[in-house]
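One protein chain, two forms: both are listed below as structure tokens, the first as structure 1 and the second as structure 2.
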Structure 1
Amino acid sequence: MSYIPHTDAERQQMLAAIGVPTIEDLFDAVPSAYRFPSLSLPEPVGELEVMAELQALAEANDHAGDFALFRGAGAYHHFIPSAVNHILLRGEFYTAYTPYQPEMSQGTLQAIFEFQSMIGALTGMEAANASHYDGATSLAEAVTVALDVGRRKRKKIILSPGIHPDYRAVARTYHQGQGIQFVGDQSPASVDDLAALLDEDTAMLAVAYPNFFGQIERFAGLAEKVHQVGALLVFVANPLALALFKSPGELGADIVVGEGQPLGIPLSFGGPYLGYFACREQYVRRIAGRIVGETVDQDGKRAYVMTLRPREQDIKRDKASSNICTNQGLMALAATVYLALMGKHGLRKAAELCYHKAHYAADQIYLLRGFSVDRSKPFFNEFVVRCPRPVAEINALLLERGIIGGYDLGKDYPHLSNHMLLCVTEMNTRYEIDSLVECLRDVK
């Protein structure tokens, strides 16, 4: 039986409908030298030769192992225990899809439950899902929840300019054409400036913790102001920083979202990454994505099941607020293994190393002629440096010396032209930091 069920007569009818006599005519745009059967392919080679060729192509890409890396801006170079990758590669996890049948999926379901539990502990929230595609989509989904809580009557979303520029752009894209008003991030604004925008039409106010510039802002009293007008307070948080600082839950957050990449996920040339989403229990039925709960089976033994929804998405289209189906389950597993291996104390130690190494670097750069460090607010592992020359020129000089410099803030914040966002993690040695400082000292 043919794999293509159409008869010759049916194929001719379809070709006639689109105005070509033969199937070959569909490929006129492809030069004849590159069409079957004359593909002009090189002679076949053995596996060793193929591997050598592929390895050479792979080595053409620069990667974090080739340089001293001082760039963050949303993607961070952290230590990842080797066990994380080995557990990910186990067949029962690596090939797992959606755990619709709990009797066949207890391992996957337990891993998801553990992920939710640890994210809840980090953020100070009562519920979490697993998971979204990245931090940007998590923020966009928080907007969806806030609009839903406001019964779609509230149309104002206040975003801090300290939230990652890409996250804000994705949130706008998700909700374009719905009459939603995004405000607050068009110009520099403090927490007090954002609070002044609150009114009865506000569905949500979102802040970053730390913000895009690595800074920790003062949020005292913000939750009370947001809740007084009936809006939700959303934190976009670096999960590693939460091992060191007060949780968003303690600061009055209703929803906490962010990028889970710092939790055991490599840079990977930009992805795949992991969006986490946590909230207070009263909003758990409104969130998208997988939610796993703990129960007991018919024998009274502990068991795990997907709960509160039949699948990851809402089945009834007219009632759906989102459609998160095949998600970053493998990345959520990586974060789960990382968090379990590091533990509470190991995670805090990693965060402390980031904090202290970043402050050592800032102290040294502060002493350089022509450079200045923004110390107006406390910071975590990123800080802003004003440079005597354009950032692109400085980064080109650093690259020649095997150093990837900071992020050019002028691209997203015009008032910060010639300002660089530098990132230091536990992976940066003192020698690398001192080398960076020496290179910056040579900038004229």
Structure 2
Amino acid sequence: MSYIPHTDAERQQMLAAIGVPTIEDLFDAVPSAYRFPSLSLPEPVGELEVMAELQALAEANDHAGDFALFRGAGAYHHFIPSAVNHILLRGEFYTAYTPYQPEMSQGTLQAIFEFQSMIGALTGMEAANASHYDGATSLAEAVTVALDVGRRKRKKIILSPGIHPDYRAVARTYHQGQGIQFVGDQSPASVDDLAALLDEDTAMLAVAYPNFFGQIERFAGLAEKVHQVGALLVFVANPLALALFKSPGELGADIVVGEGQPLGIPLSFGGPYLGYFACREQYVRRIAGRIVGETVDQDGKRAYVMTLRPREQDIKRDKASSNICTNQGLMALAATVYLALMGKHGLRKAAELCYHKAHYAADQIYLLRGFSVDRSKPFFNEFVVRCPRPVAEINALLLERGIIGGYDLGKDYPHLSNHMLLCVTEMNTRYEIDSLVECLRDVK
């Protein structure tokens, strides 16, 4: 086997040193009736055949390299500078483990510290951790913090229906069996409707920014209302939108979570992505996940180390608030390199391109007979279109012309059947947008 380097001679030398005649003798402790079962697997093959097979599987998919993609709904096709992937492929980064030994992992540790700094800057928060699995689990972990801040006496979690449906589902999965009440998201609700649910039993209220429909809702006065009852205000934010719009910190958020995938991470059929988690400093000792802090070494030289470790499962065991141990280290690195390259000016420009192209598309579709565009609220790079026919039928027509159309909102929101969520990014050219509009014009 190419990945197992042993020669026959070496095997014999090693077995002799151990003092057993065969490798099989090393497994005597395994009950003999169950030892060495047959494995129904294919015959071994080499790199050449593996790659040929995977290429065939990959090419069987309708991907954004071959199609004009207008679908978002939580996963976005954005420009990624080449340098990001080249850095990710540094073996020193991707074949390292969690930086438990700081002297041997300053590279990973400093990169995470820079990630935390950039996430803090984007969200307007004082602290951030090294990441969670994805945006959905970040929200679930925010619930844990809010319950903890509410001393486990407050049992009510208010979720906006504008939060990604999967995220709300994951928060419920994580907190099943704990007597927690999730409210607010079972039917359409405005920010005021959500605020009306606040009471002394509320641990947190979470809103999306922009919401699942791409809209920027108005949050004036919300933070005061939430804080008045002693609850936490949580924002689920698209980090690319934060290059353009006011930071959640400025809007009074206590915790900001979200999906970091728009920051230099490919679509990859839904993962691996990057859950970011930022908060006000007063809550940092209650949050889960790895955190890197700056300190000095014995010679007084600046150094980084995983800190506040006593919160974590390997030390606190059954008293830990979460069982998380790995973060999404390499994805956090991708976002860090991406944000460094895009920088202060590039990120804003990318966000503006998304905004302008989405609004151009929306303006064109607005003019089409049979379609209407929801322009009741400002939006970023996604918008809702009411269609004259079921979304699946329209998408089938678009696909024939090389276009992957919008997301069918009727799947998650029964009152929005025949409504399509269209996404436009800097990757969509005017030609693609015009083609989309032309195709929709042909829908009868």
Partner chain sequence: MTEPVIYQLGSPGREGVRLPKPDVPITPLPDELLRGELDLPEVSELQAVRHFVNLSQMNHAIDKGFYPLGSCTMKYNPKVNEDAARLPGFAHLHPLTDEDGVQGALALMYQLQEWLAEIAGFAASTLVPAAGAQGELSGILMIRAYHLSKGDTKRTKILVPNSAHGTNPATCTMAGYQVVELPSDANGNVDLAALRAACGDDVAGMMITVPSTLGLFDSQIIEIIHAVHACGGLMYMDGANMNSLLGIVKPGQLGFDVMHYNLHKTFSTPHGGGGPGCGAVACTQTLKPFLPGPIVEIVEEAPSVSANGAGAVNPLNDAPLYGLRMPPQSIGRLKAFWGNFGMHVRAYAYIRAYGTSLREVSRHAVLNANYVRVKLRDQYRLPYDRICAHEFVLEGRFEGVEGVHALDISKRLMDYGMHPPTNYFPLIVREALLIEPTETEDKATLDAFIEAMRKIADEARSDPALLRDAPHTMPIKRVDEVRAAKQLILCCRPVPDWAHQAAGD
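No experiment lies behind these values; they were computed from the predicted model shown. Think of the rigid core as the biggest set of C-alphas that the two forms share within 1.5 Å after superposition. All residue numbers here follow the sequence of structure 1, with the first residue given the number 1.
Enquirer: Mark the structure, either 1 or 2, that is the form predicted in complex with its partner chain.
Expert: Pick structure 2; the other is not the form predicted in complex with its partner chain.
Enquirer: Comparing between the two structures on the rigid core, is the C-alpha shift at residue 434 2 Å or larger?
Expert: Result for residue 434: no, shift under 2 Å.
Enquirer: Could you check, with the core superposed, whether the Cα atom of residue 30 shifts 2 Å or more between the two structures?
Expert: It does, since the residue 30 C-alpha is displaced 2 Å or more between the two structures after the core fit.
Enquirer: Using the core for the fit, does the CA position of residue 400 change by 2 Å or more between the two structures?
Expert: No; residue 400 is a residue whose C-alpha shifts by less than 2 Å between the two structures when the cores are overlaid.
Enquirer: Hey, core superposed, how many Å does residue 50 shift at the CA between the two structures?
Expert: Rounded to one decimal, the shift is 6.0 Å.
Enquirer: Fitting the two forms on their rigid core, what distance in Å separates the Cα positions of residue 41 between the two structures?
Expert: Here residue 41 registers a C-alpha shift of 10.2 Å.
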